[in-house]
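Taking the form predicted alone, here's one chain by itself in structure tokens.
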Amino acid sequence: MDLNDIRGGRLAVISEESEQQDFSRESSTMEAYNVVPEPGGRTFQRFSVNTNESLRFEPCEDSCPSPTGAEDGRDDVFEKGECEGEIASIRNQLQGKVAEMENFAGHLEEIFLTVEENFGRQEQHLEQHYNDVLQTLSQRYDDRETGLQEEKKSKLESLYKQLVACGQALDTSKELIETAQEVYRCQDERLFLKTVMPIIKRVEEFAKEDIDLSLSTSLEFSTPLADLSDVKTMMDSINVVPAPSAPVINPQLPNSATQTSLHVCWSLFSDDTVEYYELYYRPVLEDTPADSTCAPQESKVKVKETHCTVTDLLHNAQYELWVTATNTTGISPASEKALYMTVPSPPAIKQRECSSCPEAALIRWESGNTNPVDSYIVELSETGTVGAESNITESIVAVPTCQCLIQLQAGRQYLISVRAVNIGGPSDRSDAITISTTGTFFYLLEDTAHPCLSMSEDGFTIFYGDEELPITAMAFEDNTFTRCVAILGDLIPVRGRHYWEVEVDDETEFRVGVAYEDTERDGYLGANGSSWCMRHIRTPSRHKYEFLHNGWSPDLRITVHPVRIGVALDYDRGTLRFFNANLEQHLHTFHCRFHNYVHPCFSLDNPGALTVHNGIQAPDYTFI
């Protein structure tokens, strides 16, 4: 019978038994119900669902159905909401049981295959022993037959020689008798006397000869005891199984691990009989020398199958594994060692390095894993108006680095998390962050800030203190501004429209605008060809405003000091606009085709503070 037929039959029997058990259990908890006759000769019944996951039938009250055929509130035939919930619960339970039975059937199939393999190996082992015994007995028979043939030949040769000697003696005796008779018949006495003496002498000599009339060889053949000790040893060895050969541990399969477990498989390429396997494992620590006495302690698991799940392991750790096979005769040599990895730890999203706009979001994170990570998965789900997570989840797979630019829909809110992936499988989700695509959102790049600048805790307000630091006390990095007390913002590298606002008081001198990432750090914003900015200068008589690029500004006069300045960047049109956000007043527009991505820039020319407002929706008048 085919294995699939056997498995299918078992599954059918298990499924039928499960259905009968579930039906009997539901029937045992179902109360008796009465069918109530209705005026007019018709009958109907009412039933409801208890909270103990069983159906309860109740007799309905005597009432006439409505003319439309629908039940009224007093005679509801079926509580639909409760019934659907209970049916869903029962269905989930049945599905769980079916899954358990399928897993059990799979386990039985594995055992069935293992029994068949062991039986086949044992059958081949017995057949080999049987052939060896027959070959040994046949060789002994041939050797014995050859010995008997040689013994027969020797006996026949001995008897033949004895027969020839007897014939010769008879011939000699016959000759003497005939000669004596001739002498006896002789009439010449003289001749008789002359010849009789030699004849008598010959007769005397012949009589003196000792003729052996016994058989020169025995007529019986020797029957030595056959030495069948080696055959006995072979017969006894039928019940002695040889020690198994070394197993071969398989390389790690994808998605075969969790954060604390590994699923390990191996194989045995010989016909050995195995009673059980022992799987040894220990973590691989990079800081531990090879000859160190503090090497991690090895552990072992004893199993009967050629696979095992090892639990209680370290997160994102490499493990060295090897396996041995054992039967009644002995233990095999150890397999070659293999390296397996548990899945990585969840990454940590660097929220202050994430930025977004109405069309996309740039997410950055750090791996947090010492061992290599193959790739990352970014998962996002749209949230509702009340912050509830939607069932629709998108995944971006095979992200090679620790950042990802995601295309999104405008005016939505998303929950975004990241998983790290290695050959063992994906990690758990990182802590999710909320991304809104209402407007452009960014943080300030602290590594570009002039040493005299300080930032608020939320990262959106910069301060220029009254105390002047000496040049020797300033720590300048390669990316920091050295002359202009400025800082750049981390704008998402997406072409399109971006809008943010800057809040300053009328006593603060400032510069706000955009600049290329490689703008000169030892110059002033607006004084070169890589930056565009609006500058405020406080004079004793008035507020002066300049819109600088390459050190040149048009002659403009602004009568109302803008406390909140709107900055609108449009890559497609090649414009940078400034507005008085409180008055919805346009101040100035730069026209330039930006060849590279630009970053928001902010500078304080005297002690004061400046606050950035972003993530807000651009007003309608900004991109007209």
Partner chain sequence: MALTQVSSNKCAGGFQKVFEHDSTELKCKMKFAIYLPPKAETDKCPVLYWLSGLTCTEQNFITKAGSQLAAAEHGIIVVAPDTSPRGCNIEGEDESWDFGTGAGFYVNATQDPWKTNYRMYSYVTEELPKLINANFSTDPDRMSISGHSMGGHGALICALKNPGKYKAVSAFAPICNPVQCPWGQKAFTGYLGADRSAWEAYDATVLAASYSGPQLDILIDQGRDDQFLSASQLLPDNLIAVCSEKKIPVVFRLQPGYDHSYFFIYSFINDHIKHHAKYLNA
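Quantities reported herein were computed from a predicted structural model and do not represent experimental measurements. Positions refer to the first chain, counted from 1.
Keep in mind that the form predicted in complex with its partner chain is not shown, yet the notes after this line are about it.
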| property | result |
| --- | --- |
| Which of 549 to 557, 488 to 496, 442 to 450, 309 to 317 lines the interface with its partner chain in the model of the complex (heavy atom within 4.5 Å) | 549 to 557 |
| 4.5 Å heavy atom contact, Asp572 to its partner chain in the model of the complex | no |
| is_contact(Arg564, its partner chain) in the model of the complex, heavy atom dist at most 4.5 Å | no |
| Proximity of His599 to its partner chain in the model of the complex, heavy atoms at 4.5 Å | no |
| Contact of Cys592 with its partner chain in the model of the complex (heavy atom, 4.5 Å) | no |
| Residues in 564 to 578 with any heavy atom within 4.5 Å of its partner chain in the model of the complex | Arg577 |
